[in-house]
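What follows is one chain in structure tokens, specifically the form predicted alone.
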């Protein structure tokens, strides 16, 4: 065989390998082909091609493996068991930028599925190689490495700590300052994934100077970047008062409030989450947000959205109101009660109703004035209905019951309480009757209305255990009226009158 023929054979072999990996990579991009490729044993065929002498074959085989591993954890497990990861890590340090991107993609695809698979990525020494990639000149390589590091860090505190220990944080903070939008987004996302687990991890990110750079990007026109920026800031702020104060000190208010009207739903939700995480810590932080116009902005936000996007706004109003009478009054003045009542009535999901019920309870529990503002929205019968609903979640029943008790114990606005006299079970009824027993002895107009509305009649129908609190409350109410009036409205009194009519002998 001549040299020419030998070269032709090699050329043909190279073309076949190239065609094979390109076809597999293409097929692996469509979910319907994955099972067939898996059954054909494609993993074991791709593995040797990672070390091929032709760079494009190496890169394309890595891309194909990444797409397969990305599909499900079984295939990712197969990549780990096939001893492919050490090969990729070795090549990360040696190969060109195209291969590095493909190798980082495989590591990310494996790490994303579970803490165990992410640990396999850590165990094969990938973190050090990925951190070195963050210092590459090519932004695409940095992006691929940041993405893989974020996918490792997101699972738990131990894995996030491993990413920190590898020295990733200062380099990720440098990456968010790069001009490329995609790199900024992925780096902010990775920082968010590191921060979320513990105050210590969040502090590491803060110490690297992340807050100032993130805060500079809150008004960036790119929605995907803003999503990640607000996510990272909220993951920092949630852990402690000190961390929340550091976020606030970056002067994000009032600019951040304009983003509650952002066209992007996820930006709006992440902003509301950030505000919630700040106000929950102390009355001072809540007051700062109130002073910046935060409550009115969040009330508008709750009114403008539906479903889970509403949830952080609802919770924010509840946290503000929980701190003090004045802060709860700020929520009332900004029409927060009306919006929370609308949310409670509109939302079909139990967990959102439960959050709205909790928030209303936090507003109404302070003083009679606060309770009246809540009761006037006609929410008490709805809270009662949710508490009594057989198919309501346990959380909704608990929150509705607690909110009812919180509001009832302060509410002296009797017209709002009357409907509950007819429907409330004994454990709620005692609070309702208790409030009537506080007001009626001192208010003659209320006593008259209580008779004409049928309230006094209802009270006589309640069967209370002698000596119980409910029994005491009923006695207090009855003592507000002449004995013959109480008797008149007692069950069976009309029968007694009829009996007397029958027995009465007219004077002949």
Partner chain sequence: MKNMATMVKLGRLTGKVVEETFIQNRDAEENRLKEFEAALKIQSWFRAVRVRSYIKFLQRCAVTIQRHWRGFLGRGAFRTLVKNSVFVMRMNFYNKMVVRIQKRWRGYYVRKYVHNYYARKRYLEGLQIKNQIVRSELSEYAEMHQREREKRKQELAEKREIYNARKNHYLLSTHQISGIYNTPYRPFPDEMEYRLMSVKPLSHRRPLKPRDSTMGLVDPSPPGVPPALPQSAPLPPIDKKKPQGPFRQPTEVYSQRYRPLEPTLRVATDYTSEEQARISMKREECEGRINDNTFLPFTKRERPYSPLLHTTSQYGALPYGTSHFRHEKKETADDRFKLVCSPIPILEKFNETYSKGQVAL
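These figures come from a predicted structure and were not determined experimentally. Numbering follows the first chain given and starts at 1.
Here the subject shifts to the form predicted together with the partner chain, a form of this protein not shown in this document.
Contact with the partner chain, judged by heavy atoms within 4.5 Å in the model of the complex, is confined among 369-377, 382-390, 411-419, 110-118 to 369-377. Interface residue among 261, 351, 402, 306, judged by heavy atoms within 4.5 Å of the partner chain in the model of the complex: 261. With the partner removed from view, the residue among 472, 26, 443, 35 that has a non-hydrogen atom within 4.5 Å of the partner chain in the model of the complex turns out to be 26. Using a 4.5 angstroms threshold between heavy atoms, residue 204 stays clear of the partner chain in the model of the complex.
Residue contact check for residue 398: none of its heavy atoms lie within 4.5 Å of the partner chain in the model of the complex. Within 4.5 Å of some heavy atom of the partner chain in the model of the complex lies at least one heavy atom of residue 291. In the model of the complex, the partner chain lies within 4.5 Å of some heavy atom of residue 98.
At a distance of at most 4.5 angstroms from the partner chain in the model of the complex, none of the three residues 192, 216 and 437 contributes a non-hydrogen atom.
Contacts to the partner chain in the model of the complex (heavy atom within 4.5 Å) from stretch 282-300: 287, 290, 291, 292, 293, 296, 297, 299, 300.
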